[in-house]
Every structure is written in C-alpha cells, then in structure tokens.
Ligand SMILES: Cc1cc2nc3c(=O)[nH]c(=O)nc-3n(C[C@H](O)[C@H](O)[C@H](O)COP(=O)(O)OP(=O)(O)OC[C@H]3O[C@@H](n4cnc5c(N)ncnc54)[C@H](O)[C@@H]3O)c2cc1C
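One chain is shown next in structure tokens, namely the form predicted alone.
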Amino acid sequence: MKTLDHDAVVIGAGPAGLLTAWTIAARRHDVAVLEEHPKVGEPDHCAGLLSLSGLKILGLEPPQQVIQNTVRAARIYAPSGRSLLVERGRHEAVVVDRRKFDAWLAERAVQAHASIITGVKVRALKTHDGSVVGVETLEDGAVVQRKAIVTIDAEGVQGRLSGSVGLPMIHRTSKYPAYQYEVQGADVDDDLVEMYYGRQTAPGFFAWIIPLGDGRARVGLASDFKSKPRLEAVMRHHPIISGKLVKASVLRGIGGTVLVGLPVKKTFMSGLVVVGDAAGMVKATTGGGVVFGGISGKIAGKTAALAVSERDASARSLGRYETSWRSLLLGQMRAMYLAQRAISSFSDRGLDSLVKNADELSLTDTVKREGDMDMQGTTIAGLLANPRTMIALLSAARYISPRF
C-alpha cells in the first residue's frame, strides 16, 4: 500500500470541485483532484444553461469553443398551452457544452498547479480521532492512501462518502430522475428557452427545450418518477413539443438527477467540507447547480487554504465555510425551494390559472425589473410584495392538488 501526502484532496472533478481546487492552488498549496471517470467532463449530466450574471459572480469567462449558444428569454407553458414570456431585453445566459466546460475548468486548475488524477475510485474517507485525515483510493488496481490536511467532498448527488462519516445526506425524496435527448432538425427559436409544466407532462417538475443553434436542441424532462418514458411520450404526443420535433432526429441521450430540496443541514466536520451537489447546493426551481456549487466551492477553497496555512483543520476552523455560504446563499435557496413546492402543489387547472393571471396582471414586469436567473429569492420577494401576485396566487389556490 502506497501513501501520498497533500495539503488538500478534492473528491470529484465537476465544476464545484474544480473551482475549489483552483482556489486552493492559486494560494500556492498542493491540492489533488481525484476523479473516478477516465476523462473530466464525461459522462455529462447537465442541460448546460448558465446565466451570464452567475458566471460573472464566479469570475469565469468561458472561451468561445465551450459556448454553443446564447439565449435572451424563457417561455413558460401552462398545461393548457397558454404561455408566458419572461425576458429582460438582453441576452441572459449561455448554453455550454458541459464536457468542454468542465475540461476547461480542469485546464484552469492545472495552470494554477493543481493535480488532476483521473480513473481514481475513492473507496473511503480515512479518519483518526474523529477527524478526516485523507482518503483511501483504488488506483490501477492498487490501494493508495492519500493523506491531507483538508479533504473536500465534491462527489455529486450521491454523497456516499460524507454520509459514511456521519454528515447528513440528501434525502431520496429530493432527488428526481431526469433525462434529455440532444436532437437536430428541431423547429425551435434559437434564443429562447422553453419550459413546460403539467401533471400529465412532468409531475413535480417540468420539461424543457434548450436551443443549441441551427435547429439543434436539448429536449429534457425531470419528474418524481419515470422521467425517460415520460420524455419519450412527450416528444411523440405533447401538442406543442411534438410539433417542434416532427423533422428532428436524436443525436444522443443523457440521464441524470435533479435536486429539488434544501441543502443538507451540516457541511463540515474536522478535516472535511462538502460542496456542490453533495451538499444540495442547487436552485430548487430549476435544479441548476453549477453557479451555487461554484460559489460554495470558492468559499470552501478559501477556507481550506487558510486551514492549510494555519495547520488547523479543526471543526472550529472549517466551520467558517458553512457560516459564509449560509449567510450568502441559504435565504436564496430557501425562497426557491418554497416556490418550487408551491408550484408543485397546483393541479393543472391551478397552473393554467397562475400563468393566465401572471400574464394578465403583468407580473413579468417585476421579473424584467428585478429578475436574476440565479439569485431568484430576490425576484420572489419582489413578486410577493406586489398585491397583484396575491390575487394570482389566491385564484390558483382553489386548485391545489389533493396530494398536497
């Protein structure tokens, strides 16, 4: 058995882990990123829609070869087919190729002198006297101990490793299966994202069409169960979606998991912090986790770097990570979680009523004025302060589903 030492070890080479590693390496500390797959970014599990404001917060300017398209607005469809256009008069987001995006983040981390090691299975967290002191891995058939002052769990939605040492895991009811197809030959607006709600379409969440340009698109769906067969049925029979795909052909399919809950209640212990999807750092309204996961990763990286400098990875020291991310993000995530729960509580008639009244009462004016794709809590607060929102909600409340 071989033993290697690092200042920090990051488990997982997704955006949260790579931004954590970059932050640590930029402060001249030795950090190793351990990725179980042979290649960073593959397989990808994401729709790839990232807000320009979120990328700015993260300090990221992806190169053109990573960006597939730009979008300016979203059209939200009620079950009846009535729709609501949400726009702010400018381009709001980019669609990225997640395989290339993650590979670019990896190159960036390597340029800061982080080490990225692929094909490494982390079997367990190693502990001593109640503190995580590194990891045990399987590398080329050999068991390797990698000791570290700080370990960062960025393993994704499974959260198996942090759970093994007593930290809370994401509850299974907050994990929705998702599936999407990349298609070509679709009849779609190249700068408009489409979202389709309805219990017959995607109970508990929604279906989407994200344009990639030149008639290519990602058509996906997340639901509380049977996402892939539901998506295939929607692509064949939905009165609007199917019409856009008459001449479309499938290029590939991608499965994944969408998180719709709150973050876990504790994200640190002596020697360990948890970031990104493993900690539930997502927007419950859309399942997007790159921006919030990246923010948590940068905070974790700063905290870990300080712990390495001070040679103090105690719970008291690493607890600064949780204090920081909670003060910055928890209010936003809680507002989005409650909004998602409210939307999920409506029957199809309730969703129709909500979209109809939001359109007729011009509630999108608040979104145009205050909207942010990531910090949606601020927009939600602005909507709730508008008396017309209460009219729309009270009208729709007559149709709350019996299951809620």
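Model, not experiment: these values are computed from the prediction. Residue numbers run from 1 along the displayed sequence.
Same protein, other form: the form predicted together with the named molecule, not shown, and the subject of what follows.
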Only one of T257, Q332, S223, S174 gets a heavy atom within 4.5 Å of the named molecule in the predicted complex. Which one?
T257
Which pick from V120, I170, A248, V188 sits with a heavy atom within 4.5 Å of the named molecule in the predicted complex?
V120
Give a yes or no on whether every one of L34, G48 and R98 sits within 4.5 angstroms of the named molecule in the predicted complex by heavy atom.
yes
At the 4.5 Å heavy atom threshold, is I152 in contact with the named molecule in the predicted complex?
no
Contact of P211 with the named molecule in the predicted complex (heavy atom, 4.5 Å)
no
With the partner left out of view, is V273 within 4.5 angstroms of the named molecule in the predicted complex by any non-hydrogen atom?
no
Do G134 and the named molecule come within 4.5 Å of each other in the predicted complex, heavy atoms counted?
no
Using a 4.5 Å heavy atom cut-off, indicate which stretch of 304-312, 280-288, 324-332, 230-238 touches the named molecule in the predicted complex.
280-288
Contacts with the named molecule in the predicted complex, stretch 12-37 (heavy atom within 4.5 Å):
G12, A13, G14, P15, A16, G17, L34, E35, E36, H37
